[in-house]
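Take a look at the structure tokens below, where one protein chain is shown in two forms, each on its own, as structure 1 and structure 2.
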Structure 1
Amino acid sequence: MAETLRIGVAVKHGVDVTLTRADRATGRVDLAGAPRKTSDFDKNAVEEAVRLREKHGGTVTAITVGGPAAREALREALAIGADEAVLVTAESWSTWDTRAVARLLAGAYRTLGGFDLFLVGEGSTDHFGGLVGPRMAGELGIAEVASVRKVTIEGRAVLAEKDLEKEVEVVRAKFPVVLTVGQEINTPRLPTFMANLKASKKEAKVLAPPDVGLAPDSLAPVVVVEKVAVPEIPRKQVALAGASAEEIAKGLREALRAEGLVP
């Protein structure tokens, strides 16, 4: 008898980059008060997990590491089609760095009994470090395939297309395996009204660091953010207008001549 497929997927409730504003005077960005949303690639990860379950059966468990508001990321994952949701949280969550997040995910992986496949966004929209998935796999000592843009299941293994800068590497990895996925793998579905309603009624399981085998003081950050600032690039902001397209074009030619860019 075939074993039931167990799929885990990590989702991050990160800073909404499109709504983040820098202080005009200092150029600094206050991340603590910034609006948050589910990280883009993580929705691709949830969508892919749900598609694999739709095809092969099994369960999808969405896990987030963060504060109380991170329940929103879990609700979105449930609305896309995840079966279970797990929030790993503690009061010190906002100090957690990539290491702490990867350790907590690895701890949750163990506590929940392991997974055949564990999907993670290739990078988060806000941080885009690309470290959490491989770091978690390293912690667990299991296989990983990063930057996956296509995945198929063959028995108790995956065949994954790894999208590198200049080539595509097709990799076979036996379960268990961590996959990091990018935007190219799929287009996440827009949940129906009913799916959203159902998702908002489902309770997430809540785990504290000790529940996943980690003492809270072992999660103190080793990479400390001192500041986040937006580099100022002054632009001239000259509006070119004219009675006709040709007049506008000539205006641009004059401007680029003055810049020394065209003869």
Structure 2
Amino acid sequence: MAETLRIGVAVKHGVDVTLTRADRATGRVDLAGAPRKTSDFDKNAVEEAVRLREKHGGTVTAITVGGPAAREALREALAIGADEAVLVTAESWSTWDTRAVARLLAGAYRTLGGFDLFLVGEGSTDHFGGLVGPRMAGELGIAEVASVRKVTIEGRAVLAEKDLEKEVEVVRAKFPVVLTVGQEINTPRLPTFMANLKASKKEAKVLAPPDVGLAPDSLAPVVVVEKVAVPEIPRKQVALAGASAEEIAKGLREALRAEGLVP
């Protein structure tokens, strides 16, 4: 390409929902003590960014918004193949909602000089709100294409394919553009030992909200999570009896039919 391709990619160090624990007495889910990991969809975004860099040249910058531990997500992005990493953080990071995260990513985007292409996972593994990519594009006033399954670069534009179940929609967007991608787009590579070792030696650039042009009061949450709880699902506790397996099966069928679950 005539110009060096600049690709940005957002990564989130989110809650590992597969390892969360619930208090059966209260129904509350303990998120504070849950382990964290890089959001699965963001790994796909990083992989796609690296593949595009490998094919077209340029650089890949991974950006995360969060606490100090979010460096682990950046380390993984570097191990996959990102060239540099940026952490946007502050003491109030745990209160930031999707609006604040989108504003901080947009601020980092501007502070770092802008990107031709910016990739975001279409949703995070823990919350899956699907709002950060579109909100970031809105903050920047640039194009955004959601739920992308294939990316092709043509000159200073992208052809983005979207799977609409019964048909495929192809959208052409000029740079700069934000794309949100899902897991169908690729299979992220498993970094080698040497790649992980090199990534561990790279330092992430650390930025605070004022560094990206944002005052703390502009990041006040508009959405507050009051609690996370396991939904109560009352059970019918229907007892089935019969002298034979056939009689028990018949009783089960009648019980299911009464609930409208079988014809």
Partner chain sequence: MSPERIVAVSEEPALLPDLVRVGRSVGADPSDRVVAVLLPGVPGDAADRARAAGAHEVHRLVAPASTDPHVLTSALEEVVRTLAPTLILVGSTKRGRELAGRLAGRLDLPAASGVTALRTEGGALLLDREALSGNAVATERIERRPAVLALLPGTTAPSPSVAPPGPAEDRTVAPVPPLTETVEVRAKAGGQLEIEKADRIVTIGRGLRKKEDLPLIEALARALGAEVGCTRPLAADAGWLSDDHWIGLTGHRVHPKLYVAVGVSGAVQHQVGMRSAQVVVAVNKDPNAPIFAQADYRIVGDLYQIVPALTKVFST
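FYI, numbering is relative to structure 1, first residue = 1. This is a predicted model, so every value here is computed, not measured. Rigid core here is just the name for the largest C-alpha set that superposes within 1.5 Å across the two forms.
The form predicted on its own corresponds to structure 2, not structure 1.
Under a division of the chain into two rigid parts between the two structures, the C-alpha atoms of Glu122 and Leu240 are best fitted by different superpositions and thus lie in separate parts.
Domain rotation between the two structures: smaller rigid part turned by 50 degrees relative to the larger, from C-alpha superpositions. Comparison between the two structures places the CA of Lys166 4.5 angstrom away from its other position, after core fitting.
Shown is the Cα shift of Ile233 between the two structures after rigid core superposition, which amounts to 3.3 Å.
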